[in-house]
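To begin, one chain is listed below as structure tokens, in the form predicted on its own.
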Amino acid sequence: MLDGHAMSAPEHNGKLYIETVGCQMNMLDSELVVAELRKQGFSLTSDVKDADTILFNTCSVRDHAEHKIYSQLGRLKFSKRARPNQVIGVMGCMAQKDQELIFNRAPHVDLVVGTGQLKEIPRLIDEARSERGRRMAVSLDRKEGSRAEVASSFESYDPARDPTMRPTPFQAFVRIMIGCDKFCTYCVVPMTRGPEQSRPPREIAHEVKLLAQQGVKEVTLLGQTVNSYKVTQDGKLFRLSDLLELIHDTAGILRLKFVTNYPRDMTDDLLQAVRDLPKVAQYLHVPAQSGCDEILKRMKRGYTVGEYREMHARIREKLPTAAVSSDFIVGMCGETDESYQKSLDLIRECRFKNSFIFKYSPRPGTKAIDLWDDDVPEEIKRRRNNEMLDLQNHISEEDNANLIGSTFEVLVEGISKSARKAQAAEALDDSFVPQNSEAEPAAGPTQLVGRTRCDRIVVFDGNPRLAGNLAEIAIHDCSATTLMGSIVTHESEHRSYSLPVVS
């Protein structure tokens, strides 16, 4: 029996398995939920077969993400035969969208919890285990009440934090706003995350300060359209530029990032803040989605290709060395070969650092699925996706090659994934037990990974204790996704905690 909140529930082993699919916002949600459950005595396990409590944090942006979760749920159909007190829960965007459908498709699920009710999860787990009844907690549909009523049903959940759920011990996400009011025709986010709401600056500044005291060096501010941030506090209007200035001098913080940006809200004051505040990364993720005006109009993106080009030109004028990345959707309803070629032209013109490319996937609850047929065949979507990815990789490789011979300040994140795999394989070959995650990292040189101020990935050999510190790295080789280099100088501190594995 666990201590605290779980004492009213039947016996269970206290092991929690959580699987997260989707964006950084979902990663943060999982961190917050795990932190609350740890207070009740739960411990994490990486083996779903060992857990009496199983949670899936879900995404609804693409059909593939939902299929993955339903497949995982299907594998657990009979797991309660061996674990009668097991609780299985679905949380996040798919839970908010599908609601009762999840129970219908997977009757063995106990909990369905939307994005605005995550704080209820510890109580709902106890109730489901004690009473063996289904529990569902979701926010209002945007058609079920006024904007204020719907907004109040989506609560920003930012309680205790769990460092073990972060990308590394030195990096953390901070939510500065929730929801979205853009209503792009292909996107379910306005329904699954609710109306746009910005958090008060003082709350954000306090959270950043606490993270810094925990050893966090890099903070990434999150919002569905993060540069739409706007809130009045004590009679002063705060935009994202003002918020960056407010938290910039937080002791211990070395770098500030923010994602994802909306093109129409890329204002000059924000570009000036990125230029003038040394800790702010010179990296802007600004999805274009298409290079064709007709498709952008069908997507209801709210800007033309010409306006996107104008925004991109202002970025290049004010931040000539900044890196810009983008998103593109191929195979949107009505996308012709000519429309698709215009997207390729925009990529060639803007030369993005990288682009996240997705095939259009009809999503229930969106305007696109109601208005138009999904008329681009799957094989054409696949071909366009691969061609666009090849073009972007070609551009990325060329631009990275131009950086050979340069030196960059890199925030060291940890041992690279490939180096960690090699260590694990060597340990198995030598019949050694792999290094425990709680142990001190080895002192010898190994391949490390970090990112430049422009968010470019860099690998280099160095002492693992450099994790969480800044190092000057001279670049001598590259691939389309990675710069390779060697240490010139570094600023280090002694670390007593373990080194993360970085993908």
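Just count from 1 along the sequence shown to find any residue number. Predicted, not measured: the structure shown is a model, and the values here were computed from it.
Same protein, other form: the form predicted in complex with ligand SAH, not shown, and the subject of what follows.
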Looking at 455-463, 56-64, 473-481, 43-51, which stretch has residues with any non-hydrogen atom within 4.5 Å of ligand SAH in the predicted bound form? 56-64
Sort through Gln392, Asn400, Thr168, Gln289 and report the residue having a heavy atom within 4.5 Å of ligand SAH in the predicted bound form. Gln289
Which residue, Lys230, Lys209, Lys318, Lys359, has a heavy atom that falls within 4.5 Å of ligand SAH in the predicted bound form? Lys359
Evaluate Gln423 for contact with ligand SAH in the predicted bound form, applying a 4.5 angstroms cut-off between non-hydrogen atoms, and reply yes or no. no
Can any non-hydrogen atom of Tyr186 be found within 4.5 angstroms of ligand SAH in the predicted bound form? yes
Given that ligand SAH is not shown alongside this chain, does Arg255 nevertheless sit within 4.5 Å of it in the predicted bound form, heavy atom to heavy atom? no
Does the 4.5 Å heavy atom contact test between Thr220 and ligand SAH in the predicted bound form come out positive? no
With the partner left out here, which residues of 294-320 have a non-hydrogen atom within 4.5 Å of ligand SAH in the predicted bound form? Arg301
